[in-house]
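Here we start with a single chain on its own, the form predicted on its own, put down as structure tokens.
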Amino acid sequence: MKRDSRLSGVLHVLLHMAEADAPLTSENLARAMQTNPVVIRRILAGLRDAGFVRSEKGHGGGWTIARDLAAITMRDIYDAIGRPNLMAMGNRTEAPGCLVEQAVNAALDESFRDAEALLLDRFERVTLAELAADFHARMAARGIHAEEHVHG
């Protein structure tokens, strides 16, 4: 099963935007993410609707963060991108006739709910400001200045 990396990608884009001194175009962000500008516009349009980013058209326009990074959690972004499925595993059959499989499904369903609740709680406690601080600490540890950081 293919992994859903939308949350990771959106967080990546947002941190690049947070580092910029000026609005970034979809083309700039697409280059950083190695994707198509249309993909970036589609993702950011949903975040704009949720109030996390804003866009301006015309010369000098582009995308900017609309809120303080400390006020945005990973959970906020997860919710804004449509709450993608967190678990790649699932039941073999959703409505089995076999009582053994029903017992297995019940145990798995409870475990999946518990794991998802734990993960969402963690997402709720991590802000974009914390992610940005971690990024800056990693740059400092390598002796890299912000203006020298090149995606890669």
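A residue's number is simply how far along the shown sequence it sits, counting from 1. Quick caveat: nothing in here was measured; it's all calculated off a predicted structure.
Missing here is the form predicted in complex with a further copy of the same chain; even so, the following discussion is about that form.
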query: Contact label in the predicted complex: M74 to a further copy of the same chain, heavy atom within 4.5 Å; finding: yes
query: a further copy of the same chain contact in the predicted complex: V104, any heavy atom under 4.5 Å; finding: yes
query: a further copy of the same chain contact at L86 in the predicted complex, heavy atom, 4.5 Å; finding: yes
query: Touches a further copy of the same chain in the predicted complex: V100 (any heavy atom, 4.5 Å); finding: yes
query: Stretch 106-122 - residues with a heavy atom within 4.5 Å of a further copy of the same chain in the predicted complex; finding: A106, A107, L108, E110, S111, F112, D114, A115, E116, L118, L119, R122
